[in-house]
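Next up: a single chain in structure tokens, the form predicted on its own.
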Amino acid sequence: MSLPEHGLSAVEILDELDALKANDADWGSGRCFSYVYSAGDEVREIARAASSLYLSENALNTHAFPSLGRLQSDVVRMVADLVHGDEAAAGFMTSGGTESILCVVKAARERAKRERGITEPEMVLPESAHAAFHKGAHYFGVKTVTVPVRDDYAADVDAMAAAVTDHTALVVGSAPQYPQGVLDPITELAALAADTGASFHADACMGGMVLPFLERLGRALPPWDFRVDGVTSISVDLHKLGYTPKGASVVLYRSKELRRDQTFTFDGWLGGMYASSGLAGTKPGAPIAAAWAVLHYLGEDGYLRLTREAVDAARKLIDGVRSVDGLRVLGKPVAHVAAIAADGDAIDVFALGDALQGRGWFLDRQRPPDSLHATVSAGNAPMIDAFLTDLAACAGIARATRAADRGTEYATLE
């Protein structure tokens, strides 16, 4: 495609976009368990309206756009309060969990060099930690030391302790981890980091807008946030179960001094002082404004309601999966994330995913082991019964298909 010689009309452009979207995952219907999470049309509209007010503004320079500085500060402070950050806690908004994690890796590298003189930094992380940590290690020259998880998919404290050395700049745990929704033993892992002077990051991109409200609803959880000594940073994605538009995440540090290791400043060119808080220079104002608007629109009572709906729906889904012959849920999910795997070898779980997608359901595929990944949000809650009905039907078809395939294989061998 080349640039059209003559511009198209607004109607033509919007019609073309509608046509292009026809085969995209229908996340608004509650049939998509990944990527986009819905809190309903009213929340979507307030986000749309706030975004439009800041469609072109740039938060790279908050002297030019002081309102964006205020909005970002408000969002960061609200999230810090949720994860028990005190007045010293500080952070920035980023474009998403990956950027938040990359910033943390860079900050940990800088801190290790500044405080301990480490020039060959290492990062110790469970194999369940998000792939973005490996991306950050690749970008910033940090060696990854990946440790197998326990049989229940939680981080193995003893194995990670054995991997920590004088070169360790960062230790990682998740609250919860993405693949199976399991909460890592944050207190013990943070202690490992503190003992060697390393940073410890609690990756709460998945749970940061769920676990605080789950606790307020009466669920007892092991401590995982800034209440834990040794936790130096936390990432929280707002565009997941905070129900804000993409891309909005918050990365928090226990102090401004630790946050300073994230920023980049440069004055050695002809353009004057350049400073940026994250990986990008230009920082779109629309996600910041939309996040601020949604947080204020929902408030604590709104998030308590949405969390209850999401976690109740996830529990119903998990119980339903366990009732289907040939399927199981991996580990012990703590909140709203679950991985559906085969129980034995009677079902090809990826074939099951294909069959479900044929009926309009979208779940991510992941391995090892082969499983279907479901992030359950409040928007999925009305559709859980329908999903479980189709899941049982598709599982029956998958069992029959696998049995028939094996019969054919056996006949061929004979």
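Residue indices: 1-based, along the sequence shown. For clarity, every value in this text was computed on a predicted model and none was experimentally measured.
Form predicted together with a small molecule: not shown, discussed below.
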{"query": "is_contact(A80, the small molecule) in the predicted bound form, heavy atom dist at most 4.5 Å", "finding": "no"}
{"query": "4.5 angstroms heavy atom contact with the small molecule in the predicted bound form for D184", "finding": "no"}
{"query": "Contact label in the predicted bound form: R254 to the small molecule, heavy atom within 4.5 Å", "finding": "no"}
{"query": "Partner proximity in the predicted bound form: S277 to the small molecule, non-hydrogen atom cutoff 4.5 Å", "finding": "no"}
{"query": "Option from 236 to 244, 156 to 164, 312 to 320, 116 to 124 whose residues, in the predicted bound form, bring a heavy atom within 4.5 Å of the small molecule", "finding": "236 to 244"}
{"query": "Heavy atom within 4.5 Å of the small molecule in the predicted bound form - the one residue of V231, C205, C103, A198 that qualifies", "finding": "C205"}
{"query": "Listed residue that, although the small molecule is not shown, lies within 4.5 Å of it in the predicted bound form (heavy atoms), from F140, Y178, Y303, F226", "finding": "Y178"}
